[in-house]
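Let's start with one chain on its own, the form predicted alone, as structure tokens.
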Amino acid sequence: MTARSSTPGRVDPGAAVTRRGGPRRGRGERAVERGLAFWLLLPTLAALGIIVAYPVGRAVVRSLFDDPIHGAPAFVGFANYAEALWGFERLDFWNAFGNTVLFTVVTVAVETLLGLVMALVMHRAFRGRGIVRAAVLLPWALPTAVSAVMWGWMLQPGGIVNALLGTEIVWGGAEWPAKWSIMFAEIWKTSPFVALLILAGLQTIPPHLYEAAAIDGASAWRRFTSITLPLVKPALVVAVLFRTLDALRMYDLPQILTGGANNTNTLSMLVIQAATRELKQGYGGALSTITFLFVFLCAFLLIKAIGANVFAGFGQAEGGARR
């Protein structure tokens, strides 16, 4: 588009150059911004490549070779994957896979419910709230190894758990008592982390929403279901995502508490056992690759299932606010 001069019927060439130069300067500025963003992201990308991409790639390559006692490893293709999924080692793999899924589903579900209750209690204003918050968060602050050793003592046949329950259960002596002891210890340790995330979400809810609902005669349950749950949902999603990904790679707690006895192995324990104790680095690489793909698939499905709803809720809320 050209600009007309002050004289009718003539075109001012300077004005035309200026108007054509505007878009050129805009594209140049965007190119500079993209270049600056690339150089700012380059250190992070390089660190991720060294820390994440190289070990994963190395494990994938190693999983394609066998584990000879002497000599150089030979290329065997996907034989290590077949060995784990439907070969001689399939029973150990699928038991560990089932334990990992069981521990994840039970612990994340219970931790979410307990965390929500704990967050609602800590969110209320009462005397001594700071002491209660510190006491609730104490289990999460303890190292996992310390928690595992402490629970190991408490779950002894003559320990405090049996004394409180009035039972004489040998928690580490059978399959299901051992599994429940792992889940009890995991729930006790990480429920405060879920409560902390949900509490952060509760503190962003404006108090005037509750005041307006109370004036309209809404009951406490109606205020909880119509105000608290919808507005705290993003924090709940983040908590569930974090805890699910953390539980899927559970290793230290069951390793210290039961050592994998009585069918309590997880996928991470199986990987360490194959790669370091049995010195089968090719088979261990295949197990670690399968575990990585499984965790990645779970994260992708969770984000698609519950994360997308949250983002859609954000978009609808933003659209409603603009209207």
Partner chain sequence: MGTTGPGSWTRSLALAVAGTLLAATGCAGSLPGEDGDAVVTFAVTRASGGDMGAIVERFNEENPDARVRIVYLAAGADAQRNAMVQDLQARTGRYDVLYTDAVWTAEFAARGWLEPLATERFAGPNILPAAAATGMYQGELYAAPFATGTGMLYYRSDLVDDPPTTWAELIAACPIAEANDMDCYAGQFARYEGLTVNATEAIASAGGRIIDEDGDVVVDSPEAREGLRFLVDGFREGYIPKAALTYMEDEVRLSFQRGELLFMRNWAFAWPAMQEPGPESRVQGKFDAVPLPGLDGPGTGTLGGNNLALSTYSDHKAEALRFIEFVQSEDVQRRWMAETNTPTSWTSNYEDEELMAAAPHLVPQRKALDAVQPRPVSPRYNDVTNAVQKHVHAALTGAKTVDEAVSDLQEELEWAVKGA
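Owing to the predicted nature of the structure, the values given are computational and were not obtained by experimental measurement. Under this definition, the rigid core comprises the largest set of C-alpha atoms superposing within 1.5 Å between the forms. Numbering follows the first chain given and starts at 1.
Keep in mind that the form predicted together with its partner chain is missing from the display, and what follows is about it.
Shown alone here, residue 172 lies within 4.5 Å of its partner chain in the model of the complex, counting heavy atoms only. Although the partner is absent here, residue 164 sits far enough away that none of its heavy atoms falls within 4.5 Å of its partner chain in the model of the complex.
The closest non-hydrogen atom of residue 288 lies beyond 4.5 Å of its partner chain in the model of the complex. None of the heavy atoms of residue 78 is located within 4.5 Å of its partner chain in the model of the complex. Contact with its partner chain in the model of the complex, judged by any heavy atom within 4.5 Å, is made by just one of 139, 73, 177, 234: 73.
Applying a 4.5 Å heavy atom cutoff to its partner chain in the model of the complex picks out 276, 277, 278, 279, 280, 281 from 274-295, in order along the sequence. Once the cores line up, the CA of residue 297 ends up less than 2 angstroms apart between this form and the one not shown. Once the cores line up, the CA of residue 61 ends up less than 2 angstroms apart between this form and the one not shown.
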